[in-house]
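Coming up is one lone chain in C-alpha cells, specifically the form predicted alone.
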C-alpha cells in the first residue's frame, strides 16, 4: 500500500534592498562637537524646502528673517520651533537648594497650560502668539514657515502655518502584485518576568509552517519577511551594577541571548528576518542605534537570511518602501506633546518630514556635523513604530497622491500580538497568540 507524500510548499520570494547606510555611523569622529551643527543642517535643508513651497501658499507676502521683522508688517518667517516648558526636567534642579518648591510632575507627560512657542533662525528668536499654533501639538526641533506680523509687544502674531507635508513618493505598479506578507513584531523582552517562552514559540512555529492544516500552511508560505522592531531581550538592572560578575550572574546575563538565538535560528532557516535594536537591547543608547553585534547570534548569524539592522530602519521589499523605528521617537513625543492617538504622532512626524524632531533636545542622538539623518526625503509606503501599548493602523493620504500605511506594533511579551501586512494592497491585521492553562 503506497502512502501519498504531502505536497511540498515553496515559500514565496522577494527582492530586498536596504537603505541603512544613512543611519550608520562610519566615518564620523567625535571631537567634542556640540549639537548646534545638527540643528543648522536641519534648518538649512528644511528652509530650502519650505521656500520652494511658499509661492504656492502665500506668493504675495515677503519672506524675511527674524532680525528683519517690522512691527505691523505682514510677512513670512521660517525657523526652528523651541517650546518653553515649565515642567520640563532640568539637570540643574537636582542641585538646587529649593527643589521642594518645584511642582510635582506627572511621570508620563510634561505639558502645562503656561507652555509657549518660540521661533529661531540664525539671526535671532521671537516669541509666538495667537491660537493657530498650538503648543500642545508642536515640539522643539520642528521647522515651519509662519505667516503673521510682529506686535508692539515684540511678539509675532501667527495667522497661518505651513508645514513641509508628506515628502514625494515613488509611484509603485500595483497590477502585477500577488499576495505576499510581512510579519512585524516588537517587544519580545526575552529574560523579563512578563515574557512567555511558549507564546513566542507559537509565533515561531506559525511563521515557519509547523502549525495548522494544509490551507493554513499555504497561507504561511506567502509570508516572505519578518521584522523584529527592538527590545528583543531584557536584562535585569541588578546585574548591570558595574561590578565584576560572578559566574552565576554571567550565566544569567547570557541566557536571554542564547534563548533568542535558538528561536531566530529556526526562523532564519525558513525565511529572511531583520532585527533592530531597541532601548533595552545591548546597543548604543543614542539614535541612530547601530546593528546588534552578530557575535550575539552564533546560530542565526550563519544564515544569509539573518540581518542585524539599525534603528531607525529603512528598506524595500519588491519596491515597497518600509521605514520604521523601535519606538523611542514616538515615546519621547508623548512626553512633550499631546494627541488623541499614538498614530497621530506618527502622522505628525511624516508631515514634519522628520523622524525624531525632539532629538537632540530631549532624545539622545549622535552629534552629526554635516547632516541630519532623521530627515525624511522620500515618502515610505509603510511607516511602523514598535513597542507600543496596543496595535493600531491608519492609511494616510498626501496632497500629491501619496499613500502611507501607519502601523503601531504592540509589545509582544504583554499582548501576544504581531502584525501581518499584505504587500499587495498594504492592508494589515493582528496575529494574536495566547497560552491559557485551566487549573
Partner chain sequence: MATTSRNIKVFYKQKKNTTTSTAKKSTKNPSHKDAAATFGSDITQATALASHGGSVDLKDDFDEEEKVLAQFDMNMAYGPCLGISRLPRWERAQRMGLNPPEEIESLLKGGKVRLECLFEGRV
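Positions refer to the first chain, counted from 1. Note that the coordinates shown come from a computational prediction; the quantities given were computed from them, not determined experimentally.
In what follows, reference is made to the form predicted together with the partner chain, a form of this protein that is not presented.
Trainee: Consider the chain as shown here, without its partner, and state which of 389, 70, 400, 370 has a heavy atom within 4.5 Å of the partner chain in the model of the complex.
Mentor: Of 389, 70, 400, 370, the residue with a heavy atom within 4.5 Å of the partner chain in the model of the complex is 370.
Trainee: Counting any non-hydrogen atom inside 4.5 Å, which residue from 344, 160, 205, 122 sits next to the partner chain in the model of the complex?
Mentor: Here the answer is residue option 122.
Trainee: Please tell me whether any heavy atom belonging to residue 36 falls inside 4.5 Å of a heavy atom of the partner chain, as the geometry stands in the model of the complex.
Mentor: Flag for residue 36 set to yes.
Trainee: Does residue 41 reach the partner chain in the model of the complex if we count a contact as any heavy atom within 4.5 Å?
Mentor: Yes, residue 41 lies within 4.5 Å of the partner chain in the model of the complex.
Trainee: Exactly one stretch in 211 to 219, 122 to 130, 313 to 321, 344 to 352 has heavy atoms within 4.5 Å of the partner chain in the model of the complex; which is it?
Mentor: Contact-bearing stretch, as computed: 122 to 130.
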